[in-house]
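Okay, so here's just one chain, in C-alpha cells, the form predicted on its own.
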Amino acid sequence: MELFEQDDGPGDETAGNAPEFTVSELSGAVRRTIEGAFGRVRVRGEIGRVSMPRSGHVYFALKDDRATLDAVAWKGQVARLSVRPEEGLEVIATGRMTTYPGQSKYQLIVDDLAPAGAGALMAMLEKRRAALAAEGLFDAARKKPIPYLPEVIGVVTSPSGAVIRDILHRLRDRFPRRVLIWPVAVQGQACAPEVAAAIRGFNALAPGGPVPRPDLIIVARGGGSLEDLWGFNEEIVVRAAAESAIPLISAVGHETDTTLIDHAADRRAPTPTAAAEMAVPVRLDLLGRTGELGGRLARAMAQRAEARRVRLADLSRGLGRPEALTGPARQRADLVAQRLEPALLSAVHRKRAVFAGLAGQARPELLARFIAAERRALAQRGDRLAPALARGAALARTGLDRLAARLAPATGRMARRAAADRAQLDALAGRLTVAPADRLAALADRLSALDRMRQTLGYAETLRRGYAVIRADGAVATSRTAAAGAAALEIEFHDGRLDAVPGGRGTRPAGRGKPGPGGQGELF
C-alpha cells in the first residue's frame, strides 16, 4: 500500500473523500518505507542507556550532539559482537533500520559493533586501567612469588593453537611437569567470561582431590591486534587474575603487546615460551649444580673429619696414663677391704652377746603369765560377743516378721491369679480339643464341594449325556479334516474307549466303510 500526500485547500470540500487507513495499515506502510530506504546502514555514535534484561537481548541508544537513535541486539547476535556495548563508548554499528509499531518509533537492529577507531579503544583502555589501579588491583604488594618447581601447572589457552604446543615443548626440554589445560576462546565475545571462569575454576579445585590443584597458572595467547587481545582487557578477567590464590603468569601477545591482565598477574612473560621458562628451571642445570654441591659437601666433610682427628690426637697427648688415674682409687679400695673383715667379726660378737643376755631373761613363769593374760582377754571378748549375737538375731527376726506380714497378701493375690489362669487354661484346652475336629469337618466339606465342582465341570459328565471324545494320533480332534488325516483314531465314551482305523481321506461318506476286523465297519 502506498500513501500519497494530498494538499487540499482550506475550503476544499473533497477532503472527506481521502482514503481511510487503520493504525496497523499505516504502521506497516511506514515500516516498509523505512526498511526499503535504509536496508542496511552503518551508524557512528556514542553508546548510552545500555539495558540487558533476562531475555538476553541488549537495548541501547546511539547518540551524538544533536540526535538519539534506539538500537537493539538480539540474544543470538550478542554473542557474536566483537565489542560489548558499554555506556560512553564511541562505536560504528552495522545493521538494518526498522520500526516498532507498539511504541510508534524506529530503531536499528544491530548485527555488528566495532569501536570507532583505535583512539577510542585506547582511551577506554586507559580509563579502565586507571579505575582498576585506583582499587589497588595492580599493587606490587598483592603479587605472590612464583614457586621454584611446581608439581602441577595449569594452562589457560586455546587447545588448538601453536601456543600450547610451544609451552609443552619448552616444559619438556627444561623440566617435565604435569600440565592441566583449560580450553578457552582467546578471541571474540566469549573470550573474557571463559578465561575468568577458567582462572576461578582452577582456584576452586580442592587440594588432594581427584583433579590435582595447580601450583601455578599460565594464561597464554599469541600476538594479535588490539581488537583481538581485547578480551584480556575486560574487567572480569582482570578481577579474576587479581583474586587468584594460585600464582599466575600472564603471557598474552608478543613482547610489545600489553593488556590489563599483565598488570594484575603476579608475573608477566613477554611470550608464552618465556612463561614456560619462568615456570620451571632447567633440569640439566639443576643436576649439574647438585653434583657440584655434592662434591663440595664430600670434600668439606672429609676436611672436617681430618681436622677433628688431629685435634683429638693433640688432646690425647695432654691426658695422663689410665694406670696413673686409677691407681689411687685402687689403693683406697684395698685399704677399705683390709678393714672390712675385722669390722664384720666385731659386729658378730656384739650381736651374740646381746642375744645371750636376752635369752637369760626368758623364763617359763613369764611365758605362763603371758598366756594367762591372753586367755582372760579372750574370755572377756566371749562374754561381750553373746549379747551382741542375741541382739543381732532379734533384729533379724523382727525384719523377717515384717517381710512375712507383707508377703501374706501377695501370696493371696498370687493364688487368685493362679486360679484365674488355670480356669483360662482349662477353657483353652476345651477349645483346643474341639478345634481339630471342627477344622477337619470344614476341610472335608470344602473338599466334597470341590470334588462336586470338578465332576460338574469335567467332560466325564458330558460323556454320560451321550457325547464322545475323538482323539486322532493321541490328540483331540475338533474337526473332520483333523480326524481324516490321522493314522489311528480313538473314541472315548462314558463307559470306555474304542479304537478305530479310518479307511479313507474324507472322500467316502460316513457309514459306508468296509467291515474291519471284528465285524465293525470303518468310521469313514
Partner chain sequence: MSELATMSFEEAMAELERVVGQLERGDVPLEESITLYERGAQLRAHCEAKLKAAEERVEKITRGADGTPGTEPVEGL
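This is a predicted model, so every value here is computed, not measured. Rigid core: the largest C-alpha set superposing within 1.5 Å between the two forms. Numbering follows the first chain given and starts at 1.
Not pictured, yet referred to below: the form predicted in complex with the partner chain.
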Point to revise | Option from 178-186, 404-412, 444-452, 382-390 whose residues, in the model of the complex, bring a heavy atom within 4.5 Å of the partner chain | key: 178-186
Exercise for review: Using heavy atoms only and a 4.5 Å cut-off, determine which of G327, G399, P159, P342 is in contact with the partner chain in the model of the complex.
Suggested key: P159
Check your understanding: With the partner chain left out of view, which of D438, E255, E151, E374 would have a heavy atom within 4.5 Å of it in the model of the complex?
Key -> E151
Review point. With the partner left out of view, is S316 within 4.5 angstroms of the partner chain in the model of the complex by any non-hydrogen atom?
Key: no
Practice item. With heavy atoms only and a cut-off of 4.5 Å, decide whether S104 touches the partner chain in the model of the complex. Key: no
Practice item. Answer for W230 alone: is it within 4.5 Å of the partner chain in the model of the complex, judged on heavy atom distances? Key: no
Practice item. Report yes if any heavy atom of A79 sits within 4.5 Å of a heavy atom of the partner chain in the model of the complex; otherwise report no. Key: no
Review point. Can you tell me which residues in 269-286 come within 4.5 angstroms of the partner chain in the model of the complex, by heavy atoms?
Key: R283, L286
Review point. Just checking, between the shown form and the other one and with the core aligned, does E306 shift 2 Å or more at the CA?
Key: yes
